[in-house]
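Next up: a single chain in structure tokens, the form predicted alone.
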């Protein structure tokens, strides 16, 4: 192994060094500072005897006298089933005071693309316990469904609720103990120490940590490490899913911080910027992460992703949500108005979408009336929203009795169906029964998206007034 003392330039998180032999892209580098500290880095570029290295721990302490060693291999994640219950930093080192990790394997963090021929279509329901997701924008195993949020909105609380409550319903009974385990891999990028403490307190308080692997990259950690964190998390998830048959839910927060790190490193490399200063390859980079979700034929496990991103200025045309929307299968949108009204979680179901929902619901998966109930509630809520705009102009007295019922439905939908708090875990049956309760306030003839047999079975005739008079 050759050692060089040929550093020519240090620029932000990058170090440039001269070499006299070919060096591979993404190769891992050790840099020993004059103070005796060893820092790790990765080769970004290699051309004409000069390599550029991005240093994970930051370039503090590095000068021209530092030694550079090229290890001849790409970055690998030590993986084992014993990672469950552990807390690691953004580079994969334990920070929970536990023992060193003794790996079963060391896997390349870039991962291997799933062969399209071997990829199984996602069509099995995951119950999150959140009505706005389970009932209206159902998550299925192997899907990638991002949460589009904004600065100051409670996306962390929703992420924790999903991490705590997510289950695979038919496996709750424990019929098949070998193939029924559910795990959560939580990758946090660029979050504050306060947020990190909040996450850890919740994981420990609820016992969710026992089935979780947590990666923590804080806001004051180097931006370069932020690029590695989601890849370490996904490598761990793939091992648990495809080697150990777990159903793994990967929650990545915040993808906006990840993309900002891409932009920062791109600027340090003096790359030609793309839209709004982000690198032109950001679409490809995000796709490399998101496309690592899925199921493989012949394997019992699955990797399901919920990336969370805060839209700068609540702008859904910003490059980060825009590109994410192209790659993923829908989105869950959090709403500032609902949040100001105290709705928990403030999920706006109208712009939200789960493109794979139709394949993961129905008889044998959730319940035969799920699709119809969801469609009818969506249509009724959309009509109620339109009527709210009309009320602002003409007043409620000018509306017909039918319109008033739809207006009341929209209010109840927000305050009873979407609103549930962050500690309330609703089963899919409870969610659907609540949906029927709301729909039964509408006239029967208005339920034009539900099969007549289902209406006869579930519609509740309104009889409380007679009971009240009798009382």
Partner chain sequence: MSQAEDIESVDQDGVIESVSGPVVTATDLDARMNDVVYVGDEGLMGEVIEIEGNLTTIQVYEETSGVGPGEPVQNTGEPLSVDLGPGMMDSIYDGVQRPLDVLEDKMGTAFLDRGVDAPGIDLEKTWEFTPEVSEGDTVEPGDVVGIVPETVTIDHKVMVPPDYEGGEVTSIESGEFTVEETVAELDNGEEIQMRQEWPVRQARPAGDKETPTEPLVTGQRIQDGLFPLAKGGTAAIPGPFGSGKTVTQQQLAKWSDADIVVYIGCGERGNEMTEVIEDFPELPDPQTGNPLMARTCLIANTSNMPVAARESCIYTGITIAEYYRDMGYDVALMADSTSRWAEAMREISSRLEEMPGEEGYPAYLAASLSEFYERAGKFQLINGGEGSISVVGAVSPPGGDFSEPVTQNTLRIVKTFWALDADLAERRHFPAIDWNESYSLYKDQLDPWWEANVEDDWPEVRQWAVDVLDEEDELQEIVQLVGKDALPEDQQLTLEVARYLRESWLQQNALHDVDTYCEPEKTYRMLQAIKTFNDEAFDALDAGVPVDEIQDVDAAPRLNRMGTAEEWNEFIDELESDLEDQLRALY
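Numbering follows the first chain given and starts at 1. We call the rigid core whatever largest set of C-alpha positions still superposes within 1.5 Å between the two forms. For clarity, every value in this text was computed on a predicted model and none was experimentally measured.
The same protein also exists as the form predicted in complex with its partner chain; that form is not shown, yet it is the one meant from here on.
Proximity of 316, 331 and 355 to its partner chain in the model of the complex is complete: all three residues have a non-hydrogen atom within 4.5 angstroms.
Distance criterion of 4.5 Å from any heavy atom to its partner chain in the model of the complex singles out 144 from the list 370, 155, 144, 164. Proximity to its partner chain in the model of the complex, taken as a non-hydrogen atom within 4.5 angstroms, holds for one residue of 225, 124, 181, 238, which is 238. Checking 80 to 88, 391 to 399, 94 to 102, 253 to 261 against its partner chain in the model of the complex, the stretch whose residues place heavy atoms within 4.5 Å of it is 391 to 399. By the criterion of a heavy atom within 4.5 Å, residue 14 is excluded from the residues contacting its partner chain in the model of the complex. Interface membership of residue 304, defined by any non-hydrogen atom within 4.5 Å of its partner chain in the model of the complex, is ruled out.
At a distance threshold of 4.5 angstroms between non-hydrogen atoms, residue 195 is out of contact with its partner chain in the model of the complex. Its partner chain is not drawn, but in the model of the complex it has no heavy atom within 4.5 Å of residue 344. Taking its partner chain as positioned in the model of the complex, the residues of 18 to 39 that bring a heavy atom within 4.5 Å of it are, in sequence order, 22, 23, 24, 25, 26. If you fit the rigid core between this form and the one not shown, you'll see the Cα of residue 44 move by less than 2 angstroms. For residue 11, the Cα coordinates differ by under 2 angstroms between this form and the one not shown after the core has been superposed. For residue 446, a C-alpha deviation of 2 angstroms or more is recorded between this form and the one not shown after rigid-core alignment.
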